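For reference, the chain that follows is the form predicted alone, supplied as structure tokens.
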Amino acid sequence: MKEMSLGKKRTVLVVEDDLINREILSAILSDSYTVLQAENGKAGLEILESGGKEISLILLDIQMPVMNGYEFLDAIGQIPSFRSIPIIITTSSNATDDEIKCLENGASDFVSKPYNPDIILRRVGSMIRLREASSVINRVERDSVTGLYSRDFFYINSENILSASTQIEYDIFCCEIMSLKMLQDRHGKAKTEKLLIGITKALEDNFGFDSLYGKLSDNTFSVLTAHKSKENYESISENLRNAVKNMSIPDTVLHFSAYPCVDSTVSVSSLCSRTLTALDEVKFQFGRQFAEFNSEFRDKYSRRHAILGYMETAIKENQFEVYYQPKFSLGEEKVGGAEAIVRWTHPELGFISPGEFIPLFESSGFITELDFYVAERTCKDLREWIDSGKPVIPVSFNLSRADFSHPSLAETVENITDKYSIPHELLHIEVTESAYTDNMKVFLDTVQKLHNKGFRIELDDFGAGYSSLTVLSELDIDILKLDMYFARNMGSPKQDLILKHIFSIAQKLNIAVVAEGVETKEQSDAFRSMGCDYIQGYYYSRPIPKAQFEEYLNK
């Protein structure tokens, strides 16, 4: 007899010290189940820890060396994720006390030795079906505090309404409480729950009985409602904000967003996701608390996803091109270095600004692969210039703050450089202090490791953050790159005084200074008079393609 043979095979774990008994149970079960074997409780625990989510049932012997059945039951009882796995005890004992002890420790059933194949199969099959049915029944339909539909049931009921009501236009409206955990820590659980109940009532008062309400997460409410204008939603949002002012926690901040359910091919979960994406747009914009996912936002959202979808292909097809922006040496009156800057021209989307794709790549984690790509292309170009006898100057490339989470960042940069036999001092590495504030120890250790390997370190955007001098005191820096803010705001007595002190400190520390964003002769002359070493900006040159950069160097 075969049990539960349809669909994917369930997995049964047999924990039994006797090899013959293990093989007998495996032979009985293997036609219907995937069978894993463990020779004692300790080995059984190890199997559970490596793949416990796949195990549907355990057959457990009691008397075993190393770790017996009672100890095994006690051990898995301490792990919440394993408690729901049914356990059938295999025993040759008829002692009632043993059975009671096993049941008290979490066992579900018993089978006796010698084994009857039909009984084994029926009990295993029944126990697995019972567990799977129970997991469905136990899905939470309502949020325990507000009484609103839980996320999954909101999705299910919304899908049903949308498929049945083809003549009515609907929207998804979301309301998010900012920093709910902080509010709970400050005001306590009771007041926070009272706030959640109050917001629920305010939503129902404003949207009425003919809307569907859900709780997507601890701090996010959702409403499926008949389509409304932006003005209506802004009015409702204002009503909700006013209602919160009279509740248990008056300093609560709410944000709202809406999305029209116009595409029947998009799931409700995706609609909610898009609504929350729109909500992200207003979270940190003072004075804005409602966002509508309109056609403009939809186009922006689609473009973001298109860019993220194209990024890996773009790397493989070498769509990214490295441009070089010269750094002019004021002391030598010639080009003294350059910065490698990435440009992307997509075959369909055309030119994509770095200001658009780099933040997306940073948020997705893809930026590290792109930075390594730029490093490799730069080293390849340097090798070509060296071999052809062309002028060779140091070139810098940027490391993103996200790169410092790479476990072997310094080694990877070194391997790329050594692959093309580039002297390390020719490849400068630009870092920003924002990476320092993300993870100070990792940043300092990695930068020091790169410096020890002979790479020159340039601290980019110096003066734009809050810890510039701290970074300067803790890092081995070779070059400071002044934030372009200084070039744009020259002439102020206070700023000029600050700049003079920066140049004085850099000189005493034997650190060269690059002024970025220089666009006029007046700016260049002012930096020259202060003792600046290098100028980088449109006054001398924009970032230019490789061939044009070679011509620039020759001139």
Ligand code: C2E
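The numbering used is simple: start at 1 and walk along the sequence shown. Bear in mind that the values here come from a model prediction, so they are computed numbers and not experimental data.
There is also a form predicted in complex with the ligand; it is not shown, and the following applies to it.
Comment: the ligand is not present in this chain, but in the predicted complex one of K453, R304, H227, R343 has a heavy atom within 4.5 Å of it, namely R343.
Among L399, V413, V447, L271, the residue placing a heavy atom within 4.5 Å of the ligand in the predicted complex is L399.
Shown alone, this chain has one stretch from 497-505, 36-44, 56-64, 517-525 that lies within 4.5 Å of the ligand in the predicted complex by heavy atoms: 517-525. For the three residues D17, F110 and G125, a heavy atom within 4.5 Å of the ligand turns up in the predicted complex in no case. Taking the partner from the other structure, the ligand in the predicted complex has a heavy atom within 4.5 Å of a heavy atom of P354. Put simply, D476 is far from the ligand in the predicted complex: not one heavy atom of it is within 4.5 Å. Contact check for D143: every heavy atom lies farther than 4.5 Å from the ligand in the predicted complex.
The closest non-hydrogen atom of Q325 lies within 4.5 Å of the ligand in the predicted complex. Contact annotation for 469-487: a single residue, M484, has a non-hydrogen atom within 4.5 angstroms of the ligand in the predicted complex.
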